[in-house]
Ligand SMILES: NC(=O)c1ccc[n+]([C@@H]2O[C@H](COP(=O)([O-])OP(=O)(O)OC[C@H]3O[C@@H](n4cnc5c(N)ncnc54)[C@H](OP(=O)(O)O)[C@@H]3O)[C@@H](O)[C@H]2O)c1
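Only one chain is shown below, in structure tokens, and it's the form predicted alone.
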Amino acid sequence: MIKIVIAGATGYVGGNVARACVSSGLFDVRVLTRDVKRIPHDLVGKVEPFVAEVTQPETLRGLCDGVDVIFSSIGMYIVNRKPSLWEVDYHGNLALLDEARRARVNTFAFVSVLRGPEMAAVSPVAEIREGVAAAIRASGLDYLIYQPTGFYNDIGYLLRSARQRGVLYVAGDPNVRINPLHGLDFGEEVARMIAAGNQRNTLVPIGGPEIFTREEMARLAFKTLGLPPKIRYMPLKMVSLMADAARFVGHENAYTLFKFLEFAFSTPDMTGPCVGSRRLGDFFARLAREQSLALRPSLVEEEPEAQTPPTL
């Protein structure tokens, strides 16, 4: 059995990596969490919880004892003002790296972004992720640095926006190509690579099985809902202005998100090597059913809307 720590298992990406590792039968899984109640219900009893805070490095002591591999997808994906991305994404992951080195873990697997070095020149999000990746590469540990194109959950807000507003806004070039990835397809690839043990010190660009333009994804969202497509186009400059406005009011986390989007929306090809078999249309269909149930308070309590701009 491979002993693995998964940091980020209470989120979409890390949770699916944990599911894939558990399902394979090849891993003994320890998950980092701030609260055991945050562990997904389907993983309860199948993983070993370790309660700590990445922003409090002293609490991480012992996390990696007896561990072969640590995987981290730790990062903020909503636009709250605090804590900052630097506190969580950067210093939090470096604290994990310090603990991994202390415990002499063999391999550190980390999730960065596709075209990270290029994006880092203009996007603080990518700058942070690439800074962590550089520290891992210089640490002396073996490493796997994953560079995903994007995940289905990042695109899922399109359905809620299309349902609630009846219109989707496409900023910049609508023909930018991307092949987003289901979290479980990603998790299965991570588990396979680690279990095989024949790849190390490697950068791994990775995408899903289908390539779409951004306009095609917007149309697929409307089709899933059975609604006529209403798509509005706006210049990329608008995203840049939103970034400037966020910085002007001191909202650095929102600023970093808008700069990330500005790069992604202006790059013609954001595709990576295709893996997996789970299709975006099926993901949208399941999400649409869940959202329909969430509109009925007697059945399911509705979750708060994600704080992500309704642009694609």
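Position 1 is the first residue in the sequence shown; the rest follow in order. Small disclaimer: the values here were computed from a predicted structure and weren't measured.
Form predicted together with the named molecule: not shown, discussed below.
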Candidate spot 12, 38 and 150, all three in 4.5 Å heavy atom range of the named molecule in the predicted bound form?
yes
The stretch from 218-226, 168-176, 67-75, 133-141 that lies within 4.5 Å of the named molecule in the predicted bound form, judged by heavy atoms, is 67-75
The named molecule in the predicted bound form has a heavy atom of only one listed residue within 4.5 Å, and of 158, 113, 239, 100 that residue is 113
Among 261, 63, 29, 54, just one has a heavy atom within 4.5 Å of the named molecule in the predicted bound form, namely 54
- Would residue 83 count as touching the named molecule in the predicted bound form under a 4.5 Å heavy atom rule? yes
Indicate whether the named molecule has at least one heavy atom within 4.5 Å of a heavy atom of residue 214 in the predicted bound form. no
*asked:* Given that the named molecule is not shown alongside this chain, does residue 185 nevertheless sit within 4.5 Å of it in the predicted bound form, heavy atom to heavy atom?
replied: no
> Would residue 88 sit within 4.5 Å of the named molecule in the predicted bound form, counting heavy atoms only?
Replying inline: yes
